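What follows is one chain in structure tokens, specifically the form predicted alone.
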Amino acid sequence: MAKTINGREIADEFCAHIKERTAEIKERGIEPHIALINAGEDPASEIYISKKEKLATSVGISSTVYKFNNYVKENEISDLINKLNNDKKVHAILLQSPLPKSFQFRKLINLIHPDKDVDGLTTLNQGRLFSGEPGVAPCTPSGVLHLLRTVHDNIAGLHAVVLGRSSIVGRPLAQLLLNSNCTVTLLHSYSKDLPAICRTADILVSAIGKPLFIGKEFIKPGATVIDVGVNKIEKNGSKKIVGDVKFDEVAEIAAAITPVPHGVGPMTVAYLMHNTLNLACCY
């Protein structure tokens, strides 16, 4: 049976370290501050923003939440981002997704100053990542790499297969794995023979958003499986959160596996605080 990689416990330990660093920075007269922008009334976004605000408080980082209703205009968000860019008390800016359908995600993200881009999603920071230059790395891929290093002393030379090529998870994660000297295969909706390719993976990461898509036929015995998927399904008349991976089935074959929830999710929020702290130090 596979070892369960407890993201909650690992994130708690990491946040304890962040809290210590925050206290040290405050002694130097720096007050780390993150601005959290929620452009709409999406229920899930409201929950995520609340969790981020709560964690910031717990590690000693100041935060301000900017909440808008569903009638917000894109120029209102643009004006706020420009205002926060010029506010020296703000070190990090997060624009919560999803945005209203009429909004241009890439345009708004790129309005955030790269030195305040806490989630590493601006074109400049992603370019820095892909060129191997110092910059802000996206939170979820950074969290995945952290989890992998809790079960592998060295991932250099291992074959990592990443399912999903989004600019938020799949592509930057593939680059982080390459930077760690893995051999990387990036799969997507047009890739053929997914199970056969996945069975060659020492590390398999699924970020495709298809509930319970990955079964035992995808898994190489002894592989490490990281499930980034967060999906809602109906079961017995109630909603349940599941990942992309059939946990019980895959756990019989894999050496280590993350659960959903309490796997990658807590690490994503922890790295939001980590990045905020780093931006405050460099400001």
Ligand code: NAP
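Numbering starts at 1 and runs along the sequence shown. All values derive from a computational prediction rather than experimental measurement.
Just so you know, the form predicted in complex with the named molecule exists too; it's not on screen, but the next bit is about it.
**Student:** Looking at heavy atoms inside 4.5 Å, which stretch does the named molecule contact in the model of the complex, given the options 31-39, 228-236, 64-72, 249-257?
**Tutor:** Checking each option against the 4.5 Å cut-off leaves 228-236.
**Student:** Within 4.5 Å, heavy atoms only, which of Lys210, His113, His152, Arg199 is in contact with the named molecule in the model of the complex?
**Tutor:** Of Lys210, His113, His152, Arg199, the residue with a heavy atom within 4.5 Å of the named molecule in the model of the complex is Lys210.
**Student:** May I ask you to choose, among Leu95, Leu177, Val118, Val169, the residue with a heavy atom within 4.5 Å of the named molecule in the model of the complex?
**Tutor:** Result of the distance check: Val169.
**Student:** Can you work out whether Thr122 and the named molecule are in contact in the model of the complex, taking contact to mean some heavy atom pair no more than 4.5 Å apart?
**Tutor:** Output for Thr122 is no: heavy atoms all beyond 4.5 Å of the named molecule.
**Student:** His188 versus the named molecule, in the model of the complex: is there a non-hydrogen atom within 4.5 Å?
**Tutor:** His188: contacts the named molecule in the model of the complex.
**Student:** At 4.5 Å between heavy atoms, is Ser142 in contact with the named molecule in the model of the complex?
**Tutor:** Contact check for Ser142: no, nothing within 4.5 Å of the named molecule in the model of the complex.
**Student:** Whether Leu80 contacts the named molecule in the model of the complex should be assessed with a 4.5 Å heavy atom distance threshold; does it?
**Tutor:** Residue-level check for Leu80: no, no contact with the named molecule.
**Student:** Any chance all of Pro138, Cys182 and Thr276 sit within 4.5 Å of the named molecule in the model of the complex, going by non-hydrogen atoms?
**Tutor:** Heavy-atom distance to the named molecule in the model of the complex: none of the three under 4.5 Å.
**Student:** Within 4.5 Å of the named molecule in the model of the complex, which residues of 250-277 have a heavy atom? Give them in sequence order, or say none.
**Tutor:** Contacting residues: Val264, Gly265, Thr268.
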